[in-house]
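The form predicted alone is given below as one chain in structure tokens.
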């Protein structure tokens, strides 16, 4: 474990679900307060603030100014970033680098959104701008539907196999008190759910929810003085492609393999060392691709790997999305994946705890599937 120059000392989340009367700022503030309490620090200890504007945030690039003013923080290291579902990992990485270089001592990474109550549909024309709309490609599901259909055509992947990803997430969410969706589902339920974008059914798709999440990053020494065992950042990675349909293999998102490989190299680990994985699951097909990109299975073998749900279960070969993920816990654009990773490493997940979990892989992806981030968390 060669890096480890920064650690996560606190995590916090707001209430999740449909929260009438709340705003992106109020939910981000609630999450930050909880993270500060979790870390055992004072607000004035925070000298770094990094934020992600939610879909309901009107401030855009000035989001950090609005949140900082609201909570009364005047940081010496700050800014806002929007990389979709890759943002949580990217901001934690930026915070870690700031801590390691002495640009800040304690950095709060914060996200909040009132997407559910404010009517965010994520239904704009797929791609960038409006160009893909002329082909009938609307909504984020359209991008992943291309990936799913191509994977099916090349490797024989089935819709039922995708269904096992959804079933696994729901089983895990049932053990999380904060999860939005807890009612058990079966593969038959998955198959009976309405089609959204062929071949993706409703239960292949993530939730739309209100909520906020905050993560406190500091030095391992400062974290050790806090309330919990420090969770070290052993490895970090990013992967990007600025092309889309013009690139023949875009549907497979090969930059995600580079993203995870970079984190493995930095941490000095390999797939066999990962005890638990929080894999970004805006759609079920995303989990299958991550399993291949992260080296848990060979290309084309992820469908059979998830079939039956036993290998990815909490007590399985590779426990995946142990709090339910975007599909069932809440859609916080990957931020709760980091929180769950931290809690698993701390050993505080009660009935959903993975026994002996010491190393966790967390992944995120965003935009028109152009960008990705990954973290290796450990003791």
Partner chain sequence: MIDEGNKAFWDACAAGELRVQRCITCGHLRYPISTVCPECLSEDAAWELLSGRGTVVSFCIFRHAYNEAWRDRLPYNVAIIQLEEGPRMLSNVHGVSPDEIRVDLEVKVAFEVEQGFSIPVFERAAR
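Numbering follows the first chain given and starts at 1. Note that the structure is predicted; figures quoted are calculated from it, not measured.
This protein has a second form, the form predicted in complex with the partner chain, left out of what is shown; the following refers to that one.
Heavy atoms within 4.5 Å of the partner chain in the predicted bound form belong, among the stretches 211-219, 260-268, 196-204, 302-310, to residues of 196-204. Contact with the partner chain in the predicted bound form, defined as a heavy atom within 4.5 Å, holds for exactly one of 141, 276, 99, 92, namely 141.
Taking a 4.5 Å heavy atom cutoff to the partner chain in the predicted bound form, the contact residue among 71, 137, 181, 81 is 137. At the 4.5 Å threshold, heavy atoms of residue 132 reach the partner chain in the predicted bound form.
In the predicted bound form, no heavy atom of residue 155 sits within 4.5 Å of the partner chain.
When contacts are judged by a 4.5 Å heavy atom cut-off, residue 160 does not count as touching the partner chain in the predicted bound form. Although the partner is absent here, residue 145 sits close enough that one of its heavy atoms falls within 4.5 Å of the partner chain in the predicted bound form. Contacts with the partner chain in the predicted bound form, taken as any heavy atom within 4.5 Å, map within 248-278 to 248, 250, 251.
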